[in-house]
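Next up: just one chain, as structure tokens, the form predicted on its own.
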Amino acid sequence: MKVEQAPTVGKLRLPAIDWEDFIARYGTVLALVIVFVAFWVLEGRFVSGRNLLNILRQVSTLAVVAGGLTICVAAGEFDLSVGTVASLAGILVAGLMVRQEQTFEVALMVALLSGAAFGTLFGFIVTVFRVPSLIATIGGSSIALGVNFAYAGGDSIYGQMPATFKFIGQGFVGGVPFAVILALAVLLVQYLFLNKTRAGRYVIATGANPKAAKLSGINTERYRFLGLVCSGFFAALAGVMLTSYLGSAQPQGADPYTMDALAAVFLGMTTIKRGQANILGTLVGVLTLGIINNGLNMVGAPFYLQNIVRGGILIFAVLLAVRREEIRFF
């Protein structure tokens, strides 16, 4: 590793900069800036205030589900059900208000509890029966999809919804979409949990080296369980936000968030705290995906190119981390 000699200014010796480490740590952030400038050059309207707010509104839901998934990955587990769980929560919150005429508060509570329930189920299967989380959540995703279609009958749910509910996804506070404010608040809570609480530090320790964590007295099963519950809960919250924004619920409306959230989390693991799932890195990943999707739309790229780019980003991020031996799947 090459470290440049520290420059001097008079008698003051400036700290040396390890450029190799700097690029490795913040290269993803630099790439985000380059992509942003590239779309700015290609389409001047890209940097308009209206479009920038639109990008933030578009990524707010993804940020919430990806933040929950970050906690899960930090604990050393994977959740491939976040999209279908979010779809189910959206169907439940809309169906309870429109079809069963329940209050917004009751519908919201049931929707969020559905996500936590799936997370609890996965945590139980993974920690008690030792089933890998990849398998447990794939199977659970199919269950969530089945429950979804059983309740909705395979149809979209739309109708008159309370103004309070619609405000979540469609309201503004001081010209800023409320969904953006909510997403930032959720990310802040997730960041403080992982970085400023004992439980969060134990989650990270469990994911980083479960054997060492267990030898130091940490109940690793508890924190793996917690990671999966958090993932399910925040996926459900994201489903509620999406339904509020659209004003209706589709049985598979949030399913694409599984791949997008994974891409954001793994891309985030290549920056800030390399090899470790972290909220700030995930935010960089979320913004990268949002800027690319929005920019491609503005320059008139075909819609299918977005899927190709997202898949490529996911593969590249995982490949980079695996080659650096920063993450392992087995």
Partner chain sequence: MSKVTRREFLMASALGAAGLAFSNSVTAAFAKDLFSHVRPDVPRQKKELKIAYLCQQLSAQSNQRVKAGFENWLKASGLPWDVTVTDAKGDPGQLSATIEDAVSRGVDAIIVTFGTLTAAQGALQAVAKAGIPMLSVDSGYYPPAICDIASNNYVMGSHMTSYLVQRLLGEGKTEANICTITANFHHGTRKRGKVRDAVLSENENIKVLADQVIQYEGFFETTLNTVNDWINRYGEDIDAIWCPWDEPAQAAAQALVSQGMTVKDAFVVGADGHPPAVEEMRNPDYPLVATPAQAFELWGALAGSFVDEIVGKGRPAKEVVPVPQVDFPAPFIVKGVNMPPEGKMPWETVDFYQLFFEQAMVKE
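These numbers come from a predicted model, not from an experiment. Residue numbers count along the first chain shown, from 1.
Another form, the form predicted in complex with its partner chain, is not on view; read the next lines as being about it.
Chemist: Considering its partner chain in the predicted bound form, which of 94, 73, 179, 242 comes within 4.5 Å of it through any heavy atom?
Modeler: None of the others qualify; the residue that does is 242.
Chemist: Exactly one of 140, 251, 200, 207 has a non-hydrogen atom within 4.5 Å of its partner chain in the predicted bound form; which residue is it?
Modeler: Exactly one residue meets the criterion: 251.
Chemist: Just to confirm the contact call: exactly one of 266-274, 299-307, 279-287, 30-38 touches its partner chain in the predicted bound form at a 4.5 Å heavy atom cutoff, so which is it?
Modeler: It is 299-307 that comes within 4.5 Å of the partner.
Chemist: Given that the partner is absent here, does residue 257 sit within 4.5 Å of its partner chain in the predicted bound form, heavy atoms only?
Modeler: Residue-level check for residue 257: yes, a contact with its partner chain.
Chemist: Give a yes/no on whether residue 226 approaches its partner chain to within 4.5 Å in the predicted bound form, heavy atoms considered.
Modeler: Residue 226: no contact with its partner chain in the predicted bound form.
Chemist: Is there a non-hydrogen atom of residue 136 within 4.5 angstroms of a non-hydrogen atom of its partner chain in the predicted bound form?
Modeler: Although its partner chain is absent here, residue 136 would stay clear of it in the predicted bound form, with no heavy atoms inside 4.5 Å.
Chemist: Might residue 246 be said to contact its partner chain in the predicted bound form, defining contact as any heavy atom within 4.5 Å?
Modeler: So residue 246 counts as contacting its partner chain.
Chemist: Scan 138-174 and write down, in order along the chain, each residue with a heavy atom lying within 4.5 Å of its partner chain in the predicted bound form.
Modeler: Residues within 4.5 Å: 145, 149, 153, 154, 155, 156, 158, 170.
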